[in-house]
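Consider the single chain below, provided in structure tokens and representing the form predicted on its own.
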């Protein structure tokens, strides 16, 4: 007996089954509602020491959800998401420092610019049929190009970056609050919940079904009348906009951004790792991965700052976090090739 192979037209047809779509969408939103409640009460159970860990985890989750839109559901593996994160971070910093514009407006403008840049890059790559590893290398090359460009532009302060002005009091309009304010958790949590809601609606909509069909077999999808280029560019645009929002909030929380913090290769890794560990091409996988990577990153930093005596030789060692991420990634790929959430979901269905 041969096993039935899922075809792209099957993915498209799934969108036409109202019972299946409504049931999956309803379950996803119930899960999202529970998540929203947990995030809402999170500041009441955390002390100030763990606030930065929670914020960093939420930023990781937002970046991973964005990357997963383009690379997980869209099938366009990006190794240069630092370009879009950096655009969001630098547009926010430049407009706030130089013109005193509200970070909320700067965040939207950064997202719009990142979307245009991302679509332009993806269009060029797809137009010249760059796929797979070649597409990934192209995105990495653009991110490095932006890094070098920023480091040499005087109006962007070259390698010094931007230090945001600190206000005398709190201001929601300027996105500044007292240290330890619950809003520093609630705001990125709200953005993450809205982003996940958008992903749920997108994945279960016809455009979302189309992009997954194109990912599985672009030729078959095109034969069904799906516009392959437009379908992919929609996923790219959504991914880039959301990544830029994460970059803008990063700048506002840390009050500083420099070339390496915005466009460094480490930023792209931080977007990829949570999604891969949690499960690429799933709604909740990036969130699960971020819940592991976020606290792990803080643990590694604390060990490097003040390591115990028996591992004192690790103090100040650069790149240890990347090495640990790589080791964890290898373990996940070997034993859970679909990621933690993806593997558990598959076993539960069985």
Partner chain sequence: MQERTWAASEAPDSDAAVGGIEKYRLPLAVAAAVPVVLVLIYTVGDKDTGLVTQSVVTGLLLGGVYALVSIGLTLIFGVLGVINFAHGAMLSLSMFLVFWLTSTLGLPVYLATVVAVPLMLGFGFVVQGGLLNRLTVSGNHEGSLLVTLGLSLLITNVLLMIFGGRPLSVPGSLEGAWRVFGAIASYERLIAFGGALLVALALTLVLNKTSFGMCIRAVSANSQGAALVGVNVGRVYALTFGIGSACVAVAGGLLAPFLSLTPTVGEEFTILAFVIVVLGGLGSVVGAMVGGIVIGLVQTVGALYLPGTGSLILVFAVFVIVLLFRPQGIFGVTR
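Residue numbers count along the first chain shown, from 1. None of these values were measured; they are calculated from a predicted model.
Heads up, the form predicted in complex with the partner chain isn't pictured, but that's what we're talking about next.
Interface residue remark: residue 128 is counted as part of the site for the partner chain in the model of the complex, having a heavy atom within 4.5 Å.
Put simply, residue 303 is far from the partner chain in the model of the complex: not one heavy atom of it is within 4.5 Å. Contact annotation: residue 134 falls within 4.5 Å of the partner chain in the model of the complex, judged by heavy atom distances. Contact annotation for residue 171: none of its heavy atoms lies within 4.5 Å of the partner chain in the model of the complex. Contact check for 141, 320 and 333: all three have a heavy atom within 4.5 Å of the partner chain in the model of the complex. Residues with any non-hydrogen atom within 4.5 angstroms of the partner chain in the model of the complex fall in just one of 264-272, 238-246, 97-105, 179-187: 264-272. Note on the partner interface in the model of the complex: the residue among 145, 197, 119, 112 having a heavy atom within 4.5 angstroms of the partner chain is 145.
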